[in-house]
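Just the one chain here, laid out as structure tokens, in the form predicted alone.
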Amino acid sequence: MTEFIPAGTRYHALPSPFPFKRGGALHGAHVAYETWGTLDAQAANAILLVTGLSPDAHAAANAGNPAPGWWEAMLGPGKPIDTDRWFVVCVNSLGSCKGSTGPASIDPDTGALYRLGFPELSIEDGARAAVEVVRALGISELACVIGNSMGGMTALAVLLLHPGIARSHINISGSAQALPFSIAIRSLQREAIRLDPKWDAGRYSDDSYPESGMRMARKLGVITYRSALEWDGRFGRVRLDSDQTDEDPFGLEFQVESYLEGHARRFVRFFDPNCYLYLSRSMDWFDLAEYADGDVLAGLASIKVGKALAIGANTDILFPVQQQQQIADGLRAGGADAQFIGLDSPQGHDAFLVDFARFGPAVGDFLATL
């Protein structure tokens, strides 16, 4: 197996050893990142962007890679995150397969892939790795740290573990702890991968690859990333022009099934299965309550930041808006000027990736106040 490394990405070497929260350490590890805009003379206009589970560091086109990025409509000159004003750093998550060291990387101690020999990964480990990049760029205080989905968890960990690192925070469809429903879904996704015989306890190869497990995991994910309202509006009960045979009596029959199948097949070789397992579990483990005697609001209140915005989609079932409301309430209890916005987007959890008409103004208006 080889890592999926995007073009134009830069790399930062982590301290060696780089210890993990739950034990173990990496040697000779690195994280991938990209930048946009110009850092001002005081290094005061920097924004850190931390991502969800699957994106790479290429959030938008830049000089190193002119291809559109996964957040192209949000980031760039004159866009909601205006790179004429801000210097933006996007870090690929530690544990990923998109350039940062992860289970699909070579272990320098053995010369073989880490696979399940990779240390147990926590959100906090990714947060510390992202801060290493920030410090290496000469930035002592960020203007803002922005996190989407899993990145919302990572951003909170950045703020908690590094007091004073940012003057403001935008949390987009994130949370301060994993809810039982979200844990249950991710558990099923991981089980689908692990029960594929070709997973082989993480020892798969390109020629013997857990495609079925990855397909099922992705389908489960996509179902929860969007809302029932959108599924109904996009597909209704429209059927395919079926060419089913007696040999496949339970094959694809509805358009929504075909959509899920196509989406899943595109993802199968797009993301490494072991990396998926590690990052997925890190979200389940994350809980700010463990820093405050079991009280998640107190954990949030222990974070000190000047201004904050927590936003989400009212149709999100994976990171429901009450979790963004909780973030705003907790940060406000800690002294932040914190605001919550629940947006009436029909697109569920993935709305921040597609509903730019709603999310763009919310982010842009907040940054304009800084």
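None of these values were measured; they are calculated from a predicted model. So that there is no doubt, residue numbering starts at 1 and follows the sequence shown.
In what follows, reference is made to the form predicted together with another copy of the chain, a form of this protein that is not presented.
Chemist: So, a 4.5 angstroms cut-off on heavy atom distances: do all three of A13, D40 and A136 pass it with respect to another copy of the chain in the predicted complex?
Modeler: Negative, none of the three is within 4.5 Å.
Chemist: Partner absent here, but in the predicted complex, which of 106-114, 259-267, 86-94, 128-136 has residues with a heavy atom within 4.5 Å of another copy of the chain?
Modeler: Only one stretch qualifies here: 259-267.
Chemist: Can any non-hydrogen atom of G251 be found within 4.5 angstroms of another copy of the chain in the predicted complex?
Modeler: So G251 counts as contacting another copy of the chain.
Chemist: Is there a non-hydrogen atom of R167 within 4.5 angstroms of a non-hydrogen atom of another copy of the chain in the predicted complex?
Modeler: Contact check for R167: no, nothing within 4.5 Å of another copy of the chain in the predicted complex.
Chemist: Does Y209 make contact with another copy of the chain in the predicted complex, using a 4.5 Å heavy atom cut-off?
Modeler: Looking in the predicted complex, residue contacts with another copy of the chain do not include Y209, since no heavy atom lies within 4.5 Å.
Chemist: Flag L161 as yes or no: does it have a non-hydrogen atom within 4.5 angstroms of any non-hydrogen atom of another copy of the chain in the predicted complex?
Modeler: No.
Chemist: Just one of A143, A192, A73, A298 has a heavy atom within 4.5 Å of another copy of the chain in the predicted complex. Which one?
Modeler: Exactly one listed residue reaches within 4.5 Å, namely A192.
Chemist: Since the partner is left out here, which residues of 14-43 would have a heavy atom within 4.5 Å of another copy of the chain in the predicted complex?
Modeler: Residue within 4.5 Å: R22, and no other.
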